[in-house]
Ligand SMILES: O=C(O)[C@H](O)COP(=O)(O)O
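Before any questions on how it binds or moves, here is one chain, the form predicted alone, in structure tokens.
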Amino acid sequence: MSQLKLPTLDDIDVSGKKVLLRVDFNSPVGDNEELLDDSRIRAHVPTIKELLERGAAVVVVSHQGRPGESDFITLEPHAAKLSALLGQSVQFVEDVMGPEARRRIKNLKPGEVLLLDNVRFLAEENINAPPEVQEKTYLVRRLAKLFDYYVNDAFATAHRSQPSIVGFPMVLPSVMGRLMQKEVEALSKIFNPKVSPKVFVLGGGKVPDSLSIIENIVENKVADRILTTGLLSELFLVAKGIDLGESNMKFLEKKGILSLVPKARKLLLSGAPIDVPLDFVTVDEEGNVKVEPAYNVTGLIRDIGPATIRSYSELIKEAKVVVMRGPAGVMEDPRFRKGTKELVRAALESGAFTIFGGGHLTAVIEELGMKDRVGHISTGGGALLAFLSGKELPALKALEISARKFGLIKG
């Protein structure tokens, strides 16, 4: 992430102005095209409310699903949901950049909200290209002249380089919305050398992604400890020469994880501060659940064991920042939830600033009833991964270019 302090809503006067707001309303969709979860819409409400209260006319643009997928639908149900959450009527237009959309934008008055239809209905939006290419798209050329400001509040899309994300900042003064600002400020703590020790707790099934994260945080000397769980921990145990038993080795081979052993071994030999479990909760062919030491596993690994929970919890207790991504075990089965649950509890009781990678971990936080202790739950899946892996986020780069171009840089 750039060290530049990107401009926010505090840096612009939106009274009487037209604002184009990019959000991420992409939600799970049921059989009848009903929205099954409104949490992503809810997350953008503070930004929208603030813009309205400050006298702006707000035009909202978002995507939903991908072409060809069952959740690739119109944003009309999102408009109804947003109306309920805002407590005021949200206008909707079955158009994105055509004559009707432009007419409705021109007629929008301060204090009113208009939601454009699914921006991915446009072929242009489904192509990644540099900002200087995207500013020349029809979407940007037709709509930009109708607005005074562009606000990006969609951190979950920050790893993409599409017209609605990187094109508009090239031609309009652009700032972060409150959700984007919250994400950027929270994640900047990860790479702040003044805040330590930092403990990363990494698990889940996306082992190549987790390995990329470890390579980056090791290279940048960010982590004081990296506590591995799940399939990731099995990879590192194999890299140490531990035989995890026939059933686990076959599973790792089937998943293509054994091909990553040389990378894992290289990290271990570099002196990376990587910890592996002391024990596991396993299940045998008869369905018997037991605790086995990591060096003598006979059953199929399903969760970390009690000794590992104690050891990891002690390290977490001393942290100033805890970053958690992915569950420690197969937590869909209640018998194998304890590892994830206890590590989340340890993080929230530590007093450290906690950053969680959403998904399974959010469900555990709610189950524990400890949401008030959370530092930050990231809304960005791919964007969070890209950030932790050290990749530049196109959305933030575009905002940085815009800030320089239109003189909005602070300090």
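Being a predicted model, the structure only gives us computed values, none of them experimental. So that there is no doubt, residue numbering starts at 1 and follows the sequence shown.
The same protein also has a form predicted together with this ligand, omitted here; what follows describes it.
With the partner left out here, this ligand still marks one of 42-50, 22-30, 341-349, 365-373 in the model of the complex; by a 4.5 Å heavy atom cut-off that stretch is 22-30.
Put simply, of Ala239, Ile214, Ala156, Leu244 only one has a heavy atom within 4.5 Å of this ligand in the model of the complex, and it is Ala156. For the options Lys81, Arg104, Arg160, Lys189, the one in contact with this ligand in the model of the complex, meaning a heavy atom within 4.5 Å, is Arg160.
Contact check for Gly55: every heavy atom lies farther than 4.5 Å from this ligand in the model of the complex.
Proximity of Arg120 to this ligand in the model of the complex falls within the 4.5 Å heavy atom cutoff. Annotation for 51-72: interface residues with this ligand in the model of the complex are His63, Arg66 [heavy atom within 4.5 Å].
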